[in-house]
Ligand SMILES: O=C(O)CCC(=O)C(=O)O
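Presented as C-alpha cells, the chain that follows is alone, the form predicted on its own.
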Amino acid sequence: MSITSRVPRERHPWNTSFTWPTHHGPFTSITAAHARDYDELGYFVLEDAFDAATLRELDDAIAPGEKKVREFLGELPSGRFSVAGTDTQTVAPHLVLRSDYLRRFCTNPVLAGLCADLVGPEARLYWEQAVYKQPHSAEPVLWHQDNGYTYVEPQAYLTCWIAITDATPENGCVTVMPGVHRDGTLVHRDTPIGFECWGDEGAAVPVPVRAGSIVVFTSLTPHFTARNVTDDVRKSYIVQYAPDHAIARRGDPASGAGSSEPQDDPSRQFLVVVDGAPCGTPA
C-alpha cells in the first residue's frame, strides 16, 4: 500500500547549501555495502540485530510509558494528538528519562557502532520514542523526513527503526523514497495527522523486516508507514543519534534565521560515542 503526497518537491527555506557527507570508513560495525546503500539510497537493513529475549525486555521497558500515552490520548475528546491517536498509533517519547534499561539499550554496542560509523567520532542520543501502530488503524503516517518535524543542523542525523514485532506491508512497515536524502531537508506542511513532505508512490520502496532487525536510515530519507490492517499491534522503537554539536532551529523560516537550541540535554541527549568509540551508559 502506498499514499500520494500533495506537497511539491522543494527545499526547505533554511536548506540553502546542503551537501551529503559521504562515508568512507574504516567501518567497525557496518560493511562497505551498507555504507554505499546509506550514501546512495539513504537506508539499509541490519538484519537480526537483537534476539527474542532482548525484544521481550525492550517491550517490557516500554510498556509503562506506552500505557501513559494511551491513557493521555483516551482523555482527549477526539482521542487524537497530531500523528498519534487511540485508533491510529501511540507515540511515547523520552522513555530514557524513566527507564535505566532503555538508557542502557540506547548505548548498546550495536547501536553505538552504527553511530560511530555513520554519525561521527562525537555523537549523542538525539531522540527516542516507541511507536505502536494499533490494529486496523484509521490513518497512515504521511510522507515525511525526520528533519522535517524539527529542523536540526547538521541536517543529516541517524535513525535506527527497530522492529519489536515483524513489520510487514500489511501492518505498516517503513516505506522509503530512495536517493532523495541527497537534496537535504524538503518543505513540509502541517496536517491534522502530522507533517507531510513530497513523496512519489511510483518510486516508493517498502522495507519489511523481521522482529529484531533495524531499518537504518538518515533523517533526510522521506518515508511513510501505511495503516495497520491486521489484528495485532505493530511495535517499533525508534532511536536517533546526532553529532555532538547539533542544534535545533526554531521559528518561522519565512521570517528569517530564527533561534538555535543546542541538543545536549544531559538527561536524555547523552553522549554515546566519544573519540570514535562507544563510551557506555551515563549514570
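From 1 onward, residues are counted along the sequence shown. Small disclaimer: the values here were computed from a predicted structure and weren't measured.
Omitted from view is the form predicted in complex with this ligand, to which the following refers.
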query: Out of the stretches listed (116-124, 93-101, 185-193, 141-149), which one is close to this ligand in the predicted bound form, meaning heavy atoms within 4.5 Å?
result: 141-149
field: Touches this ligand in the predicted bound form: W161 (any heavy atom, 4.5 Å)
entry: yes
query: Using heavy atoms and a 4.5 Å limit, would one call I238 a contact residue for this ligand in the predicted bound form?
result: yes
message: Within 4.5 Å, heavy atoms only: does V131 come near this ligand in the predicted bound form?
response: yes
field: 4.5 angstroms heavy atom contact with this ligand in the predicted bound form for T218
entry: no
In the predicted bound form, residues of 195-230 near this ligand [heavy atom within 4.5 Å]: H223, T225
